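Below you'll find only one chain, the form predicted alone, shown as structure tokens.
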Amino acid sequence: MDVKEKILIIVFYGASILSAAITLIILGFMVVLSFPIFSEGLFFNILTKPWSPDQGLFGLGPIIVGTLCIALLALIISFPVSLGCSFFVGILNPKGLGRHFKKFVELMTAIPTVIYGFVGIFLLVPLVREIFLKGSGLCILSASIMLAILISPTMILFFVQSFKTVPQNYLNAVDALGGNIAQKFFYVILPNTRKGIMTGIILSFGRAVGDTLIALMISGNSVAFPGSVLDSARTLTAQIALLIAADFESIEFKTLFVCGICLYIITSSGVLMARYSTKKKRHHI
């Protein structure tokens, strides 16, 4: 190993350690600033109780539920669409119309989130209201559909890139055996790109959980526990945006850092679950 390789290894290891350290420092920062809540034994009450500052209740239970409902529903909506689009772009027609569609998807990643929010307010929300004839249209379903549109380009690009990692020998073997393109996709490509697909899902879920503007503009911002996808809800990021001007010394303000801790736990749990699932399936194979 020459000097250049050693330097590159040191640089990459240093970047990895620095990234992990920054993440832990941010978590520590949130824990320190929310310490009064821990010291007074209010942490678990805040996680489960409703939000009603007028009654002295600063619970984040409905907000956590709203966050998970919107993010998971967005993921459920976007995954099959993204998988189908990536199949068209990467497998079915990679050099024809699929190549131009991929450029369009790449362009979508550069559109500001607020544009999606405006489209949702003026087009999607009235449509949902007219179809279901219930509520104002500012609900979990509207926010989830728009979030699904937002995170789909990320999924599509990761899926297409992971399809390229399948060894060409495997694909040639399917062709030699007379397999069609659907068999090639389901029996060869998908099993060998599980890790890349899971990475795309994790990043998309993280973006859905961490988005602020779409949830703030379209979800309705209700702090009650939602009973259906047509009910309004508030997310943790929207809660942070709406309460940032609260008194620094108040419990209400301290709950902002609990929101940050909850976001950290949710995204980290998704990563760990996906990693464990990938390893388990790999062992079975």
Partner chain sequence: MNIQKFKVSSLLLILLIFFQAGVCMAGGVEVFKGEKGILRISGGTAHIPVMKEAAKKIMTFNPDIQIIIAGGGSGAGIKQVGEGLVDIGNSGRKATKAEIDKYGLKMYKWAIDGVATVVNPKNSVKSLLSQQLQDIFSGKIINWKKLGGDDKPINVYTRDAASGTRAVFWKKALKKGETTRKANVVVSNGAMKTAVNNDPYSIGYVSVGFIDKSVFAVTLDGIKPTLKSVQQGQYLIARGLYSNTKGKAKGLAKKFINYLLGPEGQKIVREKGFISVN
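Numbering follows the first chain given and starts at 1. Since the model is a prediction, treat every value here as computed from it, not as a measurement.
Same protein, other form: the form predicted together with the partner chain, not shown, and the subject of what follows.
Trainee: In the model of the complex, does residue 242 come within 4.5 Å of the partner chain, counting heavy atoms only?
Mentor: Looking in the model of the complex, residue contacts with the partner chain include residue 242, since a heavy atom lies within 4.5 Å.
Trainee: Residue 196 near the partner chain in the model of the complex, any heavy atom under 4.5 Å?
Mentor: Answer no; every heavy atom of residue 196 is more than 4.5 Å from the partner chain in the model of the complex.
Trainee: Given that the partner is absent here, does residue 58 sit within 4.5 Å of the partner chain in the model of the complex, heavy atoms only?
Mentor: The answer is no: residue 58 has no heavy atom within 4.5 Å of the partner chain.
Trainee: Although the partner isn't part of this model, could you tell me whether residue 165 comes within 4.5 Å of the partner chain in the model of the complex, counting any heavy atom of the residue?
Mentor: Because no heavy atom of residue 165 falls inside 4.5 Å of the partner chain in the model of the complex, the answer is no.
Trainee: Pick from 224, 65, 31, 47: which has a non-hydrogen atom within 4.5 Å of the partner chain in the model of the complex?
Mentor: Only one option qualifies, and that one is 224.
Trainee: Can you tell me which residues in 177 to 201 come within 4.5 angstroms of the partner chain in the model of the complex, by heavy atoms?
Mentor: Residues within 4.5 Å: none in this stretch.
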